[in-house]
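So this first bit is one chain, no partners, the form predicted alone, shown in structure tokens.
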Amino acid sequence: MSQDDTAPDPQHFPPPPLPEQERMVEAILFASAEPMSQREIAARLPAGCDPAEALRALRARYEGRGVQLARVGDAWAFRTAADLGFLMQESVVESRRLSRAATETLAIIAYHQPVTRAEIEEIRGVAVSRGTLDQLIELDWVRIGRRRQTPGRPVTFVVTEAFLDHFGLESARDLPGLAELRAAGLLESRPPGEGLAPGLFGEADGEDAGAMAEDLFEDE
């Protein structure tokens, strides 16, 4: 029998214990500049590891800490606890506020995605300039989705994982309502019927909310 025949098969080694898997996942996420999906994490772990269980345990271990394990769409990343954000104010770079047209367009895409340009204009009641959509795409908050199977095959627009990450949202189900947007200063208080169509930010039922989440990151 040759030496090669007796060489151990790495696939036959038992996986590391769960605490060690947690440490591995912790190291991987800590070193990553971008949120990582469970599949990407699994590709770096030894054979036989359970990344889902390690993520659950790691998330529980960081609960209540200054840094927490947050889910961003289908990915995971370490983020500063939301209630401690005020401590980071000195290091935050102040940027220009979005125009009202850009804010409303972004809101329409987030709540009605996938949505075409014509549908955005119908909801807003005014034309949408190409520059507004280009600005949102350049910010990486909006991307082009699938084409509609209708005459002309118009493109649709959807929000990105970067949008969810920036606003601290786990999925489309976490999008705020009209009152919350106004309280945060993201939407001006205007009389009903002016600008946005009524019902734009109305509560979606469970089925619609689920459909929104499924359409959030559809393949092009």
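Note that residue numbering begins at 1 and tracks the sequence as displayed. Quick caveat, the model's predicted, so the values are computed rather than measured.
What comes next is about the form predicted together with a further copy of the same chain, which does not appear here.
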query	finding
Contact flag, residue 27 vs a further copy of the same chain in the model of the complex, heavy atom cut 4.5 Å	yes
Any non-hydrogen atom of residue 66 within 4.5 angstroms of a further copy of the same chain in the model of the complex	yes
a further copy of the same chain contact in the model of the complex: residue 88, any heavy atom under 4.5 Å	yes
Proximity of residue 173 to a further copy of the same chain in the model of the complex, heavy atoms at 4.5 Å	no
Residues in 44-79 with any heavy atom within 4.5 Å of a further copy of the same chain in the model of the complex	44, 45, 46, 58, 61, 62, 64, 65, 66, 67, 78
